[in-house]
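Next up: a single chain in C-alpha cells, the form predicted alone.
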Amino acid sequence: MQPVDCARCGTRVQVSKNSAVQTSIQWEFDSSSCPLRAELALGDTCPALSDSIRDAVLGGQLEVASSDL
C-alpha cells in the first residue's frame, strides 16, 4: 500500500492498485475525515479522492501491480 493525499482536502489514505479497475483504500483515520464523505452513499468513494488516485497513477507516484492499463 502506498500513501495518496486527496488534492481537495488533504486527507491521506493508503492505496493499493492491483489492476486498472481494482483499487483498495485503507483510511489512515476514520473516513469521516473526508468532508464530502457524509454526503455520499454508503460504499461510494469521494470523487476528489478518486481523481487524486488516478492522478497519482498517471503521474507515476502510485504503482499498479498488473500491467493491464
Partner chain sequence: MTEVRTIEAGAPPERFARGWHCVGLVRDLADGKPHSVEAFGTKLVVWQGESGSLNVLDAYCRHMGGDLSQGTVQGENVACPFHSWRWGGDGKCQQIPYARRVPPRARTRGWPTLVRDGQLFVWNDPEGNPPPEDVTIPEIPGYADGEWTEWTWNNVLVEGSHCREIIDNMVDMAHFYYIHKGLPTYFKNVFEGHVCTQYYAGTSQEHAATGALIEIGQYEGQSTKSDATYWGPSYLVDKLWDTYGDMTIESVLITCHYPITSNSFMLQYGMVVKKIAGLDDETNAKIAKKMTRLIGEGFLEDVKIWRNKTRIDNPLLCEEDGPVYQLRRWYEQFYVDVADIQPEMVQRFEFEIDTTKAVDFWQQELVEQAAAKVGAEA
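Numbering follows the first chain given and starts at 1. It should be emphasised that the depicted structure is a prediction, and the values quoted were computed from it without experimental measurement.
The protein also exists as the form predicted together with the partner chain; that form is not presented, and the subsequent description refers to it.
- When contacts are judged by a 4.5 Å heavy atom cut-off, Val57 does not count as touching the partner chain in the predicted bound form.
- Using a 4.5 angstroms limit between non-hydrogen atoms, Glu39 is distant from the partner chain in the predicted bound form.
- In the predicted bound form, the partner chain lies farther than 4.5 Å from every heavy atom of Gln61.
- A residue is said to contact a partner when one of its heavy atoms sits within 4.5 Å of a partner heavy atom; Cys9 fails this definition for the partner chain in the predicted bound form, lying far away.
- For the partner-free chain shown, Asn18, Ser19, Val21, Gln22, Thr23, Ser24, Ile25, Gln26, Trp27, Glu28, Phe29, Asp30, Ser31, Arg37 of 12-39 come within 4.5 angstroms of the partner chain in the predicted bound form, judged by any non-hydrogen atom.
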